[in-house]
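Only one chain comes next, encoded as C-alpha cells, the form predicted alone.
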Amino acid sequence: MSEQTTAATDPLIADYEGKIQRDNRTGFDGYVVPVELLISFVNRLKNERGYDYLSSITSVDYEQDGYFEVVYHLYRILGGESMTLKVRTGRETPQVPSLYHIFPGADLQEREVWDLMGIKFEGHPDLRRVLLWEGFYGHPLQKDWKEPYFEEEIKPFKSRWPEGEPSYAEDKNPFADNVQYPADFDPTKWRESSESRLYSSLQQAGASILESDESDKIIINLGPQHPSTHGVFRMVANIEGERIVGLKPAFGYLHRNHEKIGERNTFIQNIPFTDRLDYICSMSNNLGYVQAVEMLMGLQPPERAEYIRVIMAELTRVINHVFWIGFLLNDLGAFFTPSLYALEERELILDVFEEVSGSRMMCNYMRFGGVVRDISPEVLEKIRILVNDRLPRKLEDFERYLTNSEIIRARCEGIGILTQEEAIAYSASGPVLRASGVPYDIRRAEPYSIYDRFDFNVAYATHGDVYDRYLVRVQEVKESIKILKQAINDIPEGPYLAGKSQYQVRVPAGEAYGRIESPKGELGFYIVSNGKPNPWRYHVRAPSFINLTGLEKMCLGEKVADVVVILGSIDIVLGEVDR
C-alpha cells in the first residue's frame, strides 16, 4: 500500500469507516490509527498486505497538544513502499497495545519507549526499564522532565554564549553529586527492585523450555566488566549444566540520553554527536543523520559530494567488517594477535579519514548539502592503491587462514542459529538478517544517495549461524571494494557543498525518517521539526540495539562458551546500544 494511497480509495482503510485517517499536518505523513484498532489494523497489514518487517518504534511528546504519539515504521522484506502508523494517547495515563505478539522485534523498542517516554504497552510480557534502572525518577524524554540543576531548554545556553561563563552543576550541591531525588523519597525505606524483576523474568523464560524442573539450574552473570562482552554489557544467563536455558541482556551502563541531548542541540550541533554512537563507523553515522535532515530541508547535495559520501561510507564498511573479523577470533580465544592484524588495515583507512576530516575516529565530516571539505587527488590516489592492491590481498590472506580453519568451523557452524522467519520477526538487520537467508539491503531495497548507479551484489547466506555471519561480512568487504573502484573512477569535478557553510540552518516544520544500510544494519534517524533551530524530536534507530532482540533466541540450548561467540557475531558497539 503506497503512502500516497488515499483513505477514500484504499479498501483496507475504507473498512474502518473513517476511523483511520491520514496525518494531514504540513510536512507529515502516514496514518493516524485509534488505540483500539491498532492490533486489528497491524494484523491485516501483515497478513493481507505483506508488511512483515517492523523496522522502528519511537514516540513523540506533543506537550502543547496534550498527547503522546507512538510512531511505527513498517516495510515489506520483498520490497516496496513503507507504511508509517501513528497512535495517540493522553499524557495522564498513556497506554498503547503491545505489538510484541505480532512482531517480537517490538520487545526492546517498546521497553525503550516505556523507559524514556513513560508510555505503557499493554500485553508486553516483560515491560521493564531497559536503559535506566528501575528506581530512576521520571521519564526523561518527556518535555516537562528536567534534569538536576536544569539550565536551559535549548542550546546555545546563554551562560556559555556569548558571555562564556559556564558553571558546574556539582558545585551547587554540597554533596558534589549531580543528582536530585523526589520530594517524598526516603532512602532508608527504599528497596532495590530491578534485579529481582530481572531474575524473575529470566526464571520464567527458562522454565518454559525445560522438559522438567527436576534438574538443577543456576543463574550466572557474564559482564558487565568483562572484555568478552564488548564493553559494559551484561548477560544474565540461566544455565542447566553448561546449557543455556534462559538469557536476558542487561545494558544501559553507558547511557547518557543521547536523544535528549540531541533535542537540546541545534540541528548542526548534532553532527559530531552522531560520531559518538557507533564510534567505529562515525562517517556512516554522519551520513544517516544529514540525509534525514536534508529530507526535511528538501536539499540535494552536489554530484561530487554524493560520490565522496559513498566513498567514505564504503571505506567505513570495510573498516567495520575487517575489525569485526579480528575480534571474532578474539572471542574464539586467539587473544589479540588476529585483532592486531585487522587493526593494521583499519589504520591505513583512518589515515584517509584524517586527511579529509582532520580526525581519525570522530570525523564530523558530513554537512547538510554535502561534506565539510573536498577530497584531494592525492587522497583519491591513496584510496585507489588501497582498493586495487592492498585490501584485496589482505582479504585473501584472511580467507586463506580463516575460512576453512578447522577450529573456526567447529566453533561457528551450527552455533547461534537464527532462521529466516525468526530474523524477520525479531527486526534483525544488516549481516545478521542477511546471514539468515534474507537478501535485504537498503542500498538495493530503497536506494539512497547514488547507490543505484553502482554495480554490486547483496551478500547473503542461508544457515543463519555464526559462520554464515562471518561469510557475509567477508563477501560484503569484496562488494564494498567493487563499489569503491567504481566511485573513484567516476567521481566528477565540481562543488562539494550546496551553498555555503552555515552555523545555523533553517529546517522547515515536519517529520522525516532517514535510514541507511550502516555496516551493522539499518541505522535510522527520525526527526521532527517545529520550524525552530533545534529538533522537537530526535530519535536514533540503532542496529546494535535492535539486533540484540534475538540474542536469547540464538543462545537457547547452546553452551556457555558459545554465548561469547554468538554475542560477537551480532557485532555491537555499546555507544550505539546505550546511546
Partner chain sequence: MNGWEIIRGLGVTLGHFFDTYLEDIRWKGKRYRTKEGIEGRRNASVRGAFTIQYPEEKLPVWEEFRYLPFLVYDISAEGEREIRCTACGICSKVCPPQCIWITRKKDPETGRPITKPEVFAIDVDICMNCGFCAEFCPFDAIKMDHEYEIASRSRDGNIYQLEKLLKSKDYYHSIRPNNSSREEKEKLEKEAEKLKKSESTV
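All figures in this text were calculated on a predicted structure; none of them were measured in a lab. Positions refer to the first chain, counted from 1.
The following text describes the form predicted in complex with its partner chain, which does not appear among the structures shown.
- Taking the partner from elsewhere, Asn388 is found to have every heavy atom lying beyond 4.5 Å of its partner chain in the predicted complex.
- For Asp351, a non-hydrogen atom is located within 4.5 Å of its partner chain in the predicted complex, even though that partner is not displayed.
- At the 4.5 Å threshold, heavy atoms of Glu81 stay clear of its partner chain in the predicted complex, well away from it.
- When contacts are judged by a 4.5 Å heavy atom cut-off, Ile218 does not count as touching its partner chain in the predicted complex.
- With its partner chain omitted here, the record of contacts in the predicted complex names 363-371 of 96-104, 472-480, 292-300, 363-371, defined by a heavy atom within 4.5 Å.
- Although its partner chain is omitted here, in the predicted complex none of Gly27, Phe68 and Tyr199 has a heavy atom within 4.5 Å of it.
- Among Thr337, Thr462, Ser376, Asn489, the residue placing a heavy atom within 4.5 Å of its partner chain in the predicted complex is Thr337.
- A heavy atom within 4.5 Å of its partner chain in the predicted complex is found for one listed residue only; from Gly123, Pro272, Gly437, Pro495, this is Pro272.
- In sequence order, Ile385, Leu386, Arg390, Arg393, Arg400, Tyr401, Asn404, Ser405, Glu406, Ile407 are the residues of 384-418 having a heavy atom within 4.5 Å of its partner chain in the predicted complex; the partner itself is omitted from this view.
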